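Two versions of one and the same chain are coming, encoded as structure tokens; call them structure 1 and structure 2.
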Structure 1
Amino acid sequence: MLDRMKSALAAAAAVLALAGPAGAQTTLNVATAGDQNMVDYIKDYLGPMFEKSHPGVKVVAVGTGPGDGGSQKIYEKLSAQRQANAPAWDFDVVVAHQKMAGQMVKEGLLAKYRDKIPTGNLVSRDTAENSLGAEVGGYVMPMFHSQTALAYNADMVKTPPATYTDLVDWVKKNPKQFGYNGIKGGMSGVAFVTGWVYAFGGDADKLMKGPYDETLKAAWDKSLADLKEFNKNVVITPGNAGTLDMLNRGEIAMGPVWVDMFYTWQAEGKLPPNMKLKLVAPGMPGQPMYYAVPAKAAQAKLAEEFIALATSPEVQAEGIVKRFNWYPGIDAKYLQAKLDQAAWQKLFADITPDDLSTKGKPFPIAPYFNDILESYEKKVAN
């Protein structure tokens, strides 16, 4: 009996010894906020591609959850590791939303890496420099840009409203035909509300660029009272997908959606082909997600190479535009040669590049952003 145990132990030791070199394999930990599709993108597409060009490296994707909450978790983890004086932090690459990215840069949790990678100079949008009022130049690379717009059923709506003011009239004439998800059910509703404040709250420019002035929110009272009135004739849907669901079933004729989600659902046959998009004036917000490297990443060098691959024109064209219908993180002109005409056209079918540059707005700077959400809770929802 004892002998048998001894030999079992010896065998176990041998297995461990054999596993040694495999265990020494380098791991690159990529933490992403966002939906499951982001995790899958790293796991199924980027990861294998990177592992192929870097033998001995294993890419591990960790999802921290959708929305700002997912980014909040990344921040809490990095912040805790710094407080614990950990010599090397767990995450090598993080994918985060705007609000937390700004804060992480401010608190010194991220490394300044953009100048070190070859794709660093392909970025042209101002979101690469400024994230909701926080200076992030050099610390982040946009992974993609996402945009909200009104989706409408072209059979039910012949002439879609061109501005927020038109929309208010339209909703009066067509009660319960417009739906959005409020602010707790997903970001397309938040974007709609933000666009509303840009349109009717006065001084939208200051909201986007700062500096922060607390007295400004008093000027929103009238517009928020109007929004409360407006809400009486609309449907509050359960979430981003809830809005698309209701559009799909013909229960509403119009509603704000994320452009990429819209095209993906349409490509999968979950939305009828008669659905179209309209970016109304003065504009609706969109947002990027960022690739960043934590200040004490264990594999900083590999992390930079990973991001360089992920932001190369080939991957941006194939992975970001074709797979997800997102607008690219780097300047679109570098992609035109990599995309066939159909893919390029589709990206700008209902929303022209001109629409995008005049009416694609950023979200407001962080303190105004919080003010808008909280004023909405106080004056519209409760």
Structure 2
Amino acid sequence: MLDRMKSALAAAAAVLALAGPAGAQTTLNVATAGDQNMVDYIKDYLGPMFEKSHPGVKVVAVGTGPGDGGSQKIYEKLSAQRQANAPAWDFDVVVAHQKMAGQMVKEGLLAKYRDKIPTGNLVSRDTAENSLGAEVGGYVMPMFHSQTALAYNADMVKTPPATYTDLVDWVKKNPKQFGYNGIKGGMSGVAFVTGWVYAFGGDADKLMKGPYDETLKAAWDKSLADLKEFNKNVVITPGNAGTLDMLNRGEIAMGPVWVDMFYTWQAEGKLPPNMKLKLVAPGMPGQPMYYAVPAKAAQAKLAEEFIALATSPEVQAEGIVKRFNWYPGIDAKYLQAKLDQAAWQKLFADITPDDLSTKGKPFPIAPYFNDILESYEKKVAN
């Protein structure tokens, strides 16, 4: 594993070494974790747009791989350059996941830049301030938010549950019509279970922000016993896609899904238009990716201008919402005037910007997250 990571970093360094073609005065190096679509988004969409408004600047996008592993590589690169006492670091902008963003802030690898850019005051969600227990306020701008919610067949469910408590009552009256994938079949099931603990376990705010108290999990016993009872009347699906498949076939009427996957499937005709979404109270988790500026970025000022462009309402509307069906990193209310009515209705008809602000929750800090998964295995799944 270490060899592969070193090879990936060497490859990224080689790309950067080749950057700065003849005629370009300045190179802005953007390193992004995530899948290839993240790299393509920088290379094909944001980069050309930024270069057009900044003559003489060339944007170079480097992918470090999907998942937390990709963010780990960014962290290792910055950490190594600091240890080497490099006067300027290779990356000017980084796009990272929550876990490593928090780690990089703790270790002083990122610059505090958000107050310097004009879009810095357009963010409203907690994830802009706290990342799985790490204080990141000022150091990050959310690029987008993925969000889980309940998908339901509006022909079969005329009045969807508004809260987790309503859902419990609905499942009692409609056994085997609700499905989710537990905690081993995908993150939508994990998100549903986490939302359950937020709803019934007590002190959800502490789970999301810390500090960690190992004894707190004992207070979850009643809620987990109730979840085990709840599971007797639900269907355990094979995964995120499996939940959508079963909804599509009418085998279940409701289940938790990732919103962007829901809308992508619907746009591709894999889900009929009578499928709707509901974000129930007190809320369900989602997760952002962050734009950040390394503490010794060679082009820090340009990096700030790049992130300001990338988090502008215009780009968030066209690039994030319309291209990917993701929710924006900034408060969605700033996008309404930038989207045509059809695009706005598509993404926000079922889940409003206010729903996102009040019921779009982060995942818990890492030790509570591990406790929830462990407790589910011991007290619900056995």
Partner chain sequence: MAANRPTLLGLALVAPALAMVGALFLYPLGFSLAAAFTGREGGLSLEHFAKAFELYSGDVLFTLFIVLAATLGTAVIAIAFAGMLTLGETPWVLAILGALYRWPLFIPFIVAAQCMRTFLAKNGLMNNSLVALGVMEPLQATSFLDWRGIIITFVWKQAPFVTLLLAGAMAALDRSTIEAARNLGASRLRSLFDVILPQVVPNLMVALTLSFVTMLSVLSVPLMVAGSQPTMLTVDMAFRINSYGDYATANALGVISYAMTAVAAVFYLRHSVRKEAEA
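Note that the structure is a prediction, hence the values are computed from the model and not measured. Residue indices: 1-based, along structure 1.
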Study note, to complete from the structure: Mapping for form predicted alone resolves to structure 2
Review point. Does T215 sit in the same rigid part as D35, given that the chain moves as two such parts between the two structures?
Key: no
Study note, to complete from the structure: The angle, in °, through which the smaller rigid part turns with respect to the larger between the two structures is 27
